[in-house]
Ligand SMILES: CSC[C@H]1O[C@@H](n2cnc3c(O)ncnc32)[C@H](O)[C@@H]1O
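Given as structure tokens, the chain that follows is alone and in the form predicted alone.
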Amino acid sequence: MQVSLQINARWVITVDADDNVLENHAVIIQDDIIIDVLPQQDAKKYSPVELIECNDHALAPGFINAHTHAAMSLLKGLADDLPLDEWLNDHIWPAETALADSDFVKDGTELAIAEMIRGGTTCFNDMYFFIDQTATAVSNTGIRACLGIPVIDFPTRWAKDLNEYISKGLAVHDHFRSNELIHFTFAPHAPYTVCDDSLKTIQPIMDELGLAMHIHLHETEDEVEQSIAKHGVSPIARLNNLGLLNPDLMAIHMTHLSATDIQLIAEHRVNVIHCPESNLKLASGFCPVNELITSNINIAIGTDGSASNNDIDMLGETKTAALLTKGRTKQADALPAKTALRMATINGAKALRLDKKIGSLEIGKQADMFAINLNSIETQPIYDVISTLIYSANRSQITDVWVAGQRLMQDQQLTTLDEAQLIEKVKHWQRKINPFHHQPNKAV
């Protein structure tokens, strides 16, 4: 039987229900779909148009970055070592107000996509403005994305009011709805920037179109305290009072949670998106991952934007998530490598309602995956492949990436983006953004 592609790998990390790791297996792909996973010696019945040998590699499902602000990659390092309020109000928002136009979003998103592909990310869940430009960049590069229709209670370069945010967002949704790699959510920014009336306005639209919601929530202790002072309840309880808690809600960050908050999340099967490095860098607090897992809550991993993380490295983020949970709970067996990998793959797919299509290497799913060369000093010897991947490997060892069967990186070279041209565009933006750069106080 002739097929499009056969990949022979030393290990196939399936992330199936049993977390099987298959040795010396072949993954058989027809167009964009995995049609078989079997021992290499039994794969002779297939005649692939392309045969790829990955004899030193593990083949794994592509990472799903469940929370990004892709275009903000151009603001990487702009205002480091500042608390969230000062970082956002005094530096990031002024720079965005002055510069974040459609070209900014196009070029910044391309930069982010390039970095994500190089790090094995095959799908990202984005929240930003000018989603027409983000969708175009996604379409041109072949990555998979879920794009949030932005809602915020003040004007930006993208829209002047709620009606324009909604109408522009829905127009992009309608234009790209036939693209199988592009999906949409509604993305109100946060409870402190979106009022109850705005949330009530978008709710029936989400219900009609079957769209999920993606919102920053419980990001800081101050946010929680202000919500209690203003509304009498925590942010998650406020959303519950509005009838917005359900399995289609993706709650981003989720630090400073009470037992009652966790009970609400579990009761309504809300998805939590954990962004450990951004929370650490902004000193925002700790997501209680272990307690959420104990409550059977689906937790995925996101990097947040490069402006508050400085990279979009899902492999590094996943290691941080595992180590942080162990340190916070003082339990070495908290968040083991297999669970962390599931958070970075299939759990993200579940949060995006794409787990029937992506998130694991199984027959019938889309061929979204990466190959990582483990035959290096950093990852030898190997006793447990998943532990080696999470605790020892780094993204520079990833050699090849596929989305829906299309190879987006081959032997560490991007196939749908011109790296040299992209770097020149970034240098152009650096010159424009540089006047907004925060100069930290010198140590005395």
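Throughout, we count residues from 1 along the sequence that is shown. Quick caveat, the model's predicted, so the values are computed rather than measured.
Keep in mind the form predicted in complex with the ligand is missing from the figure; the text below concerns it.
Residue contact check for residue 355: none of its heavy atoms lie within 4.5 Å of the ligand in the predicted bound form. The closest heavy atom approach of residue 72 to the ligand in the predicted bound form falls within 4.5 Å. The shortest heavy atom separation between residue 129 and the ligand in the predicted bound form is within 4.5 Å. Although the partner is absent here, residue 341 sits far enough away that none of its heavy atoms falls within 4.5 Å of the ligand in the predicted bound form. For the options 282, 202, 321, 361, the residue carrying a heavy atom within 4.5 angstroms of the ligand in the predicted bound form is 282. In summary, among the residues 118, 144, 216, 76, the only one with a non-hydrogen atom within 4.5 Å of the ligand in the predicted bound form is 216.
Every residue of the trio 96, 192 and 253 has some heavy atom no more than 4.5 Å from the ligand in the predicted bound form. Stretch-level contact analysis of 235-243, 174-182, 361-369, 82-90 against the ligand in the predicted bound form, using heavy atoms and a 4.5 Å limit, identifies 82-90.
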